[in-house]
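Read the single chain below, which is given as structure tokens and is the form predicted alone.
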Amino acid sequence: MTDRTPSERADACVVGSGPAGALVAHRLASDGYDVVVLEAGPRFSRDSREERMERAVRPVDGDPDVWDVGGERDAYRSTGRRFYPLNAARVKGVGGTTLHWQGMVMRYHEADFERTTPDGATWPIDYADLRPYYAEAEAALGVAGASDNPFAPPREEPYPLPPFEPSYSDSLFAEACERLGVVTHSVPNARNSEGYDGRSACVGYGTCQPVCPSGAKYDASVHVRKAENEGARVVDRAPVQRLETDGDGRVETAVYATPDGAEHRQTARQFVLACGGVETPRLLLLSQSSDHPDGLANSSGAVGRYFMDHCYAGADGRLDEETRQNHVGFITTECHQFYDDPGRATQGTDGSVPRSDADLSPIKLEFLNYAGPSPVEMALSGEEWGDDLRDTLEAAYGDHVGMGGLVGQTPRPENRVTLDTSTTDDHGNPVPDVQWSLDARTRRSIERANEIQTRVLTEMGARAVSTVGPDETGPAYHHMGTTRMGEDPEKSVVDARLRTHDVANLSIASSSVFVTSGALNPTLTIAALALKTADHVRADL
């Protein structure tokens, strides 16, 4: 039977075992500290991954079921102007949401740390502060990449692994982009292009999102195992119900539940919240007490506010030639040319992209390797057999091209995570209510991304070009901003050391501390901030 009783003594208690929690736990345990990790979800057997892949590729099962998310345990509300599909955006289990992530890991640009929010808030750190941690994070995750991105921030060291080769469709995009003056470059990926850190090279299952059966794609269970090997204790199926403080205002106890219905109390000298951009503010709000009537670490009123995600913009069409789509399960080419200056014009050898003078958010463009229908999904969902099925597949597959894109959101107080007291989870706690909407700047930026994408596809000669614009957009499942970082305790929740302004022994390692969203996939920045958090916690122990 699994022992889920508290440890007698812990130097640090980490809540959550995703990439942030796993890296913090590993670093502190490696230094000899007693570390306990409390994870709300289960420990998934690695041997189950092929079966989970089966669930992913068969249309009768949806993605949320692949990692057993849903039901009363994971109940939530979405009452904003736009529905937010939270359970499609997260995994609760050892390894966290990296179990089903895409694996794209780029450093945020220098400009991302220089942006100011509409209410005047700024990042208290800059790219130089995080630069050494980025290098450590790339080594920890095992990033395959090339220094061919002229718009990326400066770096001195090579990537740990060589890049993946561009796909065949990448070459088709590259020709059209060159004619328009649009620069393409490789994507840093947290998946092994060759054997690394005891894990094999990618063998091409093509189901990276939501599951990698081979383990070539990094997920945080890697550092959970490393942390355990260094002596850390990881308790699964132990959702933290609340944090309790002592008379000096320091967190004394994490109260957690276990499957047998019992509640336990884990004490520690330092506490680190690493449970994502939704559950982190929820736990702080659930920790309301007479000493903290608005929730823990919430004297600013900022806990839960400024929720951000990246919004998707897309365009696709069909060519009169073979494109070999769906052969690769991840993206190998993208474009940061419209990131720091989204309105810029281009001039190529045989065309251009016109300038826009509108006020716009950062835009990242992606060249998709999986546009159009998947032949596997068509075969499994169709009613035909034999020659009829073959004819249908041949008619529908093999000539699609598609571009995706991420657009950053403006942080606004009305986009927020609150507690919905009308609905409770399986422990009787109010569920999170995600209130999410689009602002005019984000809408304009999605339209600008569509303009560029359509220009590229038209240059390629694509037929029946369609777009995913601001009315059809959805989130990229990058939760940010709900416990933002800052120097001013009246406007922010944590300081530059990732420690909460209000509670001296409580730190937060999560994208919830992001002040602005940028438009790049956030996990490498989460990992870098986690390593920085661990250094500061270590200094306080």
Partner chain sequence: MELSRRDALVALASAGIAVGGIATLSADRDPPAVADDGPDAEAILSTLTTVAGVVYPSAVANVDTFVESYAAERLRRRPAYREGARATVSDLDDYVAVHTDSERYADLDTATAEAILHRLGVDSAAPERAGSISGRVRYYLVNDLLFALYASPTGGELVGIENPQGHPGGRTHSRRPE
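All values derive from a computational prediction rather than experimental measurement. Numbering follows the first chain given and starts at 1.
Form predicted together with its partner chain: not shown, discussed below.
The stretch in contact with its partner chain in the model of the complex, judged by heavy atoms within 4.5 Å, is 160-168, chosen from 449-457, 281-289, 160-168, 343-351. The three residues 245, 255 and 492 each lack any heavy atom within 4.5 Å of its partner chain in the model of the complex. Just one of 497, 55, 501, 43 comes within 4.5 Å of its partner chain in the model of the complex, counting any heavy atom, and that one is 55. Though its partner chain is absent from this view, in the model of the complex it lies within 4.5 Å of a heavy atom of just one residue from 327, 82, 427, 250, which is 327.
At a distance threshold of 4.5 angstroms between non-hydrogen atoms, residue 386 is in contact with its partner chain in the model of the complex. Contact between residue 183 and its partner chain in the model of the complex is not found at the 4.5 Å heavy atom cutoff. Of the heavy atoms in residue 113, none are within 4.5 Å of its partner chain in the model of the complex. Among residues of the shown chain, residue 147 is not one whose heavy atoms approach its partner chain to within 4.5 Å in the model of the complex.
Shown here without its partner chain, the chain has 393, 394, 397 in 391-420 lying with a heavy atom within 4.5 Å of that partner in the model of the complex.
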